[in-house]
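Following this are structure 1 and structure 2, which are two forms of one protein chain, each written alone as structure tokens.
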Structure 1
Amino acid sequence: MIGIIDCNNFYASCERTFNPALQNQPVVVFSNNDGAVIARSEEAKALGITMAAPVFKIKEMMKLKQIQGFSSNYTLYGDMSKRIKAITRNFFSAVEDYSIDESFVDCKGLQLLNLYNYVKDARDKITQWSGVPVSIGVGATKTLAKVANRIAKKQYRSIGVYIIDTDEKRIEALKNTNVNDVWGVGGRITAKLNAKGIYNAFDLSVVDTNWAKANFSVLLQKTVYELQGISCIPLELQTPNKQVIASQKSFGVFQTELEPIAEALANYTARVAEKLRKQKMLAGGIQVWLGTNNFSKTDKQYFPKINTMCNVPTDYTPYLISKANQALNAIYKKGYVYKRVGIMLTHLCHQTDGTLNLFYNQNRKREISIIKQFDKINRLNGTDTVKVAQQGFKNNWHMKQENLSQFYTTRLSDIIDIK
């Protein structure tokens, strides 16, 4: 049996954890630059707030209904995610970190226990110890666990647990699940399935698996097997290294000059370089792109991108920033209003696989020494305590976050005082 632990309304729940006044109040969380709604509490959903609703369209409603809105606090959400996953590992030995708010868990070895009682106890303690409510669905496969989790959220929210452990429960659950709500089945595939008379998960589970493969893909064939209770998608207990690492954000204020765009790019490069080192990888190439506001009907449009290669694979932040800015200079043009800049590190390899040239070995030893101290200082004292000069200090390009909550778990000055 496989379970999935899913945090309920994760971003909104994180905000509530440190602000009890938000309990039972409608809460929404905004996307980058406070542009659209990306998370909603159940109370906000009940008021008709839809996912991706533009913030400017619901401002009056938020005032009228006293809906609390917050800018995305990814530092807080990321730290809360780590805490929840650490608690989860107290109850389940094999855990796959699927997303920021979801974890698959292996329920093998619990046969001699009352599975429901064990999972319910785990659910209650994860919720209590983290402050974030979670739901757990359990089934014979990952896909069935997803179906069970949906039922736990919709029909058994106060209990927070549902287990598909009999064929009767499997069939009933599938008949009450729209095919569009099956894990891995998107809108385009749903339309094609509907055209062939397949409307719910049970309809999909009884199709011929070879037909699913021939008419759609191997992935849909695996989904059919999984709905039948035959496991085809194993737990990934070791997170695979990414093939590329990228960062892109829209500017808080549109930019026309090169200097602030270069500063933003330098900061995004510093972030992806940190991720690169955490994976113990080196980057052999860089791609940089620019973009104007594609929603504007009056501004000239320009969306260039460029690729460049490093002299040798590296994880050294100053070098990567220098190469990225060289690329930016090659594609930047005056006369445009830019909305975003982005960077992607490519041609990744493990630190032990980097090909060095004859004259680079001593430089590499020096870079490793510098960057280790660089990371240590920033880890102990906060991001960008030490940074490359090209990252700048004004940051007038920074994304708009007018409703940002405090960094309750990662900044000493923001820790809550209890009197």
Structure 2
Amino acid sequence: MIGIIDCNNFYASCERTFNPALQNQPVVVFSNNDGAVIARSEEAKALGITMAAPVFKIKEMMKLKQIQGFSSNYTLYGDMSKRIKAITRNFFSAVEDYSIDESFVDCKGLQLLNLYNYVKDARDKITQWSGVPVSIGVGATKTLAKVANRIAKKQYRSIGVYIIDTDEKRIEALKNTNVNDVWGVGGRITAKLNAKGIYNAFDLSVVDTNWAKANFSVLLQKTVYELQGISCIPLELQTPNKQVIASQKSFGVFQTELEPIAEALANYTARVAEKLRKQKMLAGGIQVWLGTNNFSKTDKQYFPKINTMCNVPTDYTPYLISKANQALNAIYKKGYVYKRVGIMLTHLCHQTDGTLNLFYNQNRKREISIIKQFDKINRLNGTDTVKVAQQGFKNNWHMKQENLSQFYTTRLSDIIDIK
């Protein structure tokens, strides 16, 4: 048996944990730039606030119904996530951290202790000790655990646990789950499935698995098996190395000129390079892209992107920034209103695995010692105490965050995006 532990309304719950006045109040959390709703408390859901609602469309209603809104505070949520996962490991020996607010856990053998009692006790303690309410679903496969988790949240909210441990329960649960609520089935596939007369998870669980592969893909085939109780997606106890590290952000004010865009790009590059070093990795290449406002009906649209390779795999911020800047210059064209710029570090490898370049003599030793001091100063004194000149000082491209909560659980030097 596999369980999934999922935090309820995670970002909204984090805001509440340190602000008790928000208990039982409608609370929403906004995306970057305070643009759209990305988390809602139950009270906010009950008032009809939908997921991804544009903030400007609900401003009126928020005032009227006294709904509290917060800019997203990923420093806080990330730290809370770490704490919850540490607590989880007290109860389960094999844990796969799946996302910021979800972990899969191995429940093998727990039947001997009374599975329900054990899981219920874990759920109550994780909730109490972290301050963030969680739900646990358990089933024979990851996909069934996700189905069980939905039921725990919807039908057994105060208990917070649901276990699919008989075939009768499995069939009933699948019949009560729309096919688009199945893990791995998104909007596009739902439309195609509906057109073929498949509406709920049970319908999907009884199709021929070869048909699923031929008409969709091996992924949907696995989903069908998983719904039948045959496990195809194993617990991944060892977190695989990242393949890419990316950062893109929309500008607080849309930009037309190269200079501020280059400045924003340099700052995003500094952030991804820090992340890269924290994970003891090197980047072999980078991708840079630009985007205009795709919601505009009148603006000319332009979404260029470009890939380039580094001379040698590197984590040296000044080099990555200059490389990113070159890439930007190659794709930037005057005459467009730009909404965002982004960078992705690609071809990642471990620090010890970087292949040298016969034709390029780079003084890695010197770079390593410089960047170590660089990181040390910034760790002790706050991000960007020392920075590359290209990062600039104007920051008029910076995203909007007008309702940011406090960094309740972290030090100044842990703060990454705020200055």
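The shown structure was predicted, so the numbers you read here are calculated from the model rather than taken from an experiment. Numbers follow structure 1, counted from its first residue as 1. Take the two forms, superpose them, and find the largest set of C-alpha atoms that agree within 1.5 Å; that set is the rigid core.
Of the two copies shown, the second one, structure 2, is the form predicted in complex with the DNA. Residue 384 is among the residues whose C-alpha shifts by 2 Å or more between the two structures once the rigid core is aligned. In the core-superposed comparison between the two structures, the C-alpha atom of residue 231 has shifted by less than 2 angstroms. Comparing the forms between the two structures, the C-alpha position of residue 375 differs by 2 angstroms or more, with the core used for superposition. A C-alpha shift of 4.7 Å is found for residue 301 between the two structures, based on superposition of the rigid core.
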